[in-house]
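Given next, in structure tokens, is a single chain: the form predicted on its own.
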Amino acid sequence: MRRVGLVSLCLFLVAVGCGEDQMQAGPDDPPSATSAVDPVENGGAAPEGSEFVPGPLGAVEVAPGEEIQIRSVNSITGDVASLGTPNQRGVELALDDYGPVAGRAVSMGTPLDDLCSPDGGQAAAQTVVADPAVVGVIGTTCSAAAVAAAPLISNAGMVMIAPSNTSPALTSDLAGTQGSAYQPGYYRTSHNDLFQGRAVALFVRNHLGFERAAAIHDGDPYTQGLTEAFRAAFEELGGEITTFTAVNKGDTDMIAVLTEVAAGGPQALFFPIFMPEGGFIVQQVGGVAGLEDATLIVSAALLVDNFMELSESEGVYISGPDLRFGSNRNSITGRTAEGLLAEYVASYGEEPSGGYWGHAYDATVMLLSAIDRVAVEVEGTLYIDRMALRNEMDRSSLDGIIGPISCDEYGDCGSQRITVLYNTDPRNIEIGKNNVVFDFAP
């Protein structure tokens, strides 16, 4: 594959005429090579013998017999692999279900690891953008990796759709102001943590009836953004944040920070951080005077098997996306939530170890279907206009495994429903994953 060079737009318009619109096509009905369309708005197509004209971001050219290239970037090694591996598998299942795009096979290449870190995200993105044949990316797992990866991917004209990034910085403040890390071409099927912060605040203040709470983050865009959203909402509800502090990634001894927290006398402690640090906190908190009776609340970063299996996780509340998919069906592939879970278990021999496998499936289907609608074949060569793909992602709308999906102007596309689970038995964590004690739907 190679990027298409720019040619004269005027010659293109003379060749195909003006004022005609291409109808949206389904997965099995790609645009024909003789459709007269705007090359920016919907990919463009030229009559036989004419030359395809790309938009301002260029286009990917897929020669006859070549595959369409996408990439998956997720946390697939280390302690956060329990969260990222189900995402990777959701991508694989979606590729199998969707099948060819515009008559071409789709390759995701070698899965890339974001390491749940800025360095990992940047390195993975550098690998992606070094190949101009890549059309789009599914990932990252972690917001910290996305903040580093998104500028590179955006500047290359590609699109990126994340299944489990939730930091408000990546999209917006939900009031019309773009986030500090927002990049054009970035989308996500996961929720915005401004919703989750409010959900946890409502749970602590109104459901549990507590007046005092503390929060711990680890300084990255996800954990800090979520704890700040919780603090703002909790204080708005009349609660008091007794301590707002941080640990460092890599810390193993949490006694000092927990002693600091205990001094404030909180009734609840919210720490939406990852493994292994989250595991160290729950294992050490019982030995700190003043926190013996504190209620512990974590987030979907710890809605993973290697945390929930810890004996000390019994009695911990876990906030995260609503995974009660029920009778939901992806309207493009026809796959039901129940059927997808059964296929996951049959394919990989285990239940998903994290909560965003459905989000990854829907994100992949969303990308593939958008490519399908803008891809144009001219004399055997397939062209995918990059600006057209972004425009098509902007207006994508489908019913997904996770529920209705449509994007706002900053790339928030997924369901914003939040639940709080109660982990009652580390010996049978599937019970905890389904033990919803509170839900929030904005």
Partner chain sequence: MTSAAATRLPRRRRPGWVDSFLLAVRIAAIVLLIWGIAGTVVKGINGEGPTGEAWRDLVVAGIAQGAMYGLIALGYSMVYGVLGFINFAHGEVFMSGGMVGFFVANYLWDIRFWDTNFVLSILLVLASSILASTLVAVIVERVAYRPLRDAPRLIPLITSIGISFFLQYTFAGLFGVAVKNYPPPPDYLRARIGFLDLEIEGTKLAVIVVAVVTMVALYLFVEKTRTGRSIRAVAEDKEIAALMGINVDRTIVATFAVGGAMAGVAGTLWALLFRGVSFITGFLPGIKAFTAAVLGGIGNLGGAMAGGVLLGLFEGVGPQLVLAGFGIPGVSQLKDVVAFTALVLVLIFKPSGLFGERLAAEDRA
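Worth saying up front: this structure is predicted, and the values here are computed from it rather than measured. Residue numbers count along the first chain shown, from 1.
Same protein, other form: the form predicted together with its partner chain, not shown, and the subject of what follows.
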| item | value |
| --- | --- |
| Its partner chain contact at T177 in the model of the complex, heavy atom, 4.5 Å | no |
| M275: touches its partner chain in the model of the complex, heavy atom cutoff 4.5 angstroms | yes |
| Partner proximity in the model of the complex: Q283 to its partner chain, non-hydrogen atom cutoff 4.5 Å | yes |
| Touches its partner chain in the model of the complex: T252 (any heavy atom, 4.5 Å) | yes |
| Residue (of M108, M308, V247, I332) lying close to its partner chain in the model of the complex, criterion heavy atoms within 4.5 Å | V247 |
| Interface residue in the model of the complex among L269, V257, A156, A201, criterion: non-hydrogen atom within 4.5 angstroms of its partner chain | V257 |
| Heavy atom contact within 4.5 Å of its partner chain in the model of the complex, the stretch among 75 to 83, 342 to 350, 122 to 130, 206 to 214 | 75 to 83 |
